[in-house]
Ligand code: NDP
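Let's start with one chain on its own, the form predicted alone, as structure tokens.
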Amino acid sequence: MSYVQDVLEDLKKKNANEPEFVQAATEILESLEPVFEKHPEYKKMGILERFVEPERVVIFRVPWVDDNGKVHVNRGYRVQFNSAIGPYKGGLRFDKSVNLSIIKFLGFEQILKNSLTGMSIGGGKGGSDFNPKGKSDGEVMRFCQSFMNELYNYIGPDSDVPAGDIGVGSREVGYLFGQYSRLSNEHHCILTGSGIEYGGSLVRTEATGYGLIYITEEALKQRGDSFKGKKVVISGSGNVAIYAAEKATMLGANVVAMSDSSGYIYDENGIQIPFIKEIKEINRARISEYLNYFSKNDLTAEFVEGSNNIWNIKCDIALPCATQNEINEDAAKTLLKNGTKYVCEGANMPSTLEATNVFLDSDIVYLPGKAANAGGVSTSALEMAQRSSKLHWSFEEVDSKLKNIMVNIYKNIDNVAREYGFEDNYVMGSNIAGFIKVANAMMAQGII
């Protein structure tokens, strides 16, 4: 058994009850075999054994009181995975599905994603099994303040700078930031994705979605193609999905389907993105409300219950932007059967291992999330740079920097894939390129 397989088997035994983390680790580690053939010094220094273990895992209780005076207790997490190239950076996720396995898988992927951006940021992730949906502003505020009361002890502008993720938008970031400032009596860049009024960056809201389109556009361009006239299916209707749809539409694509957990909207004439924005960003309602924006005579859209079947819709480009493991093997085969040419991931690990293998065994272009959805954390790093230098860049400046980062990520993973003999395999390219930078930093810093 090889060195990589030895480490992977040990990881599976130690983390047998963490399926999402084991899945992410398997996909990443199995692609690193060629690296250790070329760099045996990594094995000597135990790089991989250290790489797969978080530097720190914090689990804490979060008590809060609802509007009726009832006490609730949720569980909070922060996994500080690797700080070799910079302070921990990664979002906070508030969702009932959150557990240690999910936070570890997200933090592990974040190491490579952050490395690929070219910025000096390490990998971490956090969150809680608290579900903000259906909660009042007061309830969300009280939860966030309680959550920050404990998280405060483990974060700082030069050690760990969280951001938002699923369930943590501008409202939640504001409450979290306010409590941190109250506890510290200082106004630091401690949470990115902050409001413009208190130091946030323009483009941060759009960043992950726009970044996904920029890297996909570069892949299209390399093949003499473009978004113009392409039929696009996007799962999800959060920030990533909305702004990916917006930018794709700007570039001439026809976005025909979007979804939420209740089902999906399909309109062969194209989704009207401003209506989705109002439903999701202002009204916080179900995507089925989209049908109410049209008269009977003008209605060409339909709502289908259950979001899983969205991948049955024929499209040129599929952009999974909802959540982990939303594309299984059958869905992947359906996409190929229907002639999809590009699958580019806006969510974290939205494809199962079996689906990933289906894509890699085909001739489609498959861009994994750790590269394709790096726009959000890239702009978070740009926000950190602005706040540390007391500057505020224009929308155009930040957008231009974001596009350059995403284009460079594509070129980097493309070149590394070719260098290691895996041309057009962007999973190999992403994992190897991201890992080597971190491994070299770990080598330089000794056994810590």
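One rule holds for the numbers: they count along the sequence shown, beginning at 1. Because the structure is predicted, anything quoted here is derived from the model rather than measured.
Missing here is the form predicted in complex with the named molecule; even so, the following discussion is about that form.
Only one of Asn114, Thr192, Ser351, Ser237 lies close to the named molecule in the predicted bound form, with a heavy atom inside 4.5 Å, and it is Ser237. Of the candidates Lys230, Arg75, His188, Arg286, Arg286 is the one whose heavy atoms come within 4.5 Å of the named molecule in the predicted bound form; the others do not. Contact check for Glu217, Lys341 and Val407: none of the three has a heavy atom within 4.5 Å of the named molecule in the predicted bound form. Comment: 200-208 is the region of 217-225, 360-368, 200-208, 114-122 lying near the named molecule in the predicted bound form, near meaning a non-hydrogen atom within 4.5 Å. Gln80 falls outside the set of residues with a heavy atom inside 4.5 Å of the named molecule in the predicted bound form. Residue contact check for Ser159: none of its heavy atoms lie within 4.5 Å of the named molecule in the predicted bound form.
At a distance threshold of 4.5 angstroms between non-hydrogen atoms, Asn269 is out of contact with the named molecule in the predicted bound form. The closest heavy atom approach of Glu172 to the named molecule in the predicted bound form falls outside 4.5 Å. With contact defined as any non-hydrogen atom lying within 4.5 angstroms of the named molecule in the predicted bound form, the contacting residues in 334-367 are Gly346, Ala347, Asn348, given in sequence order.
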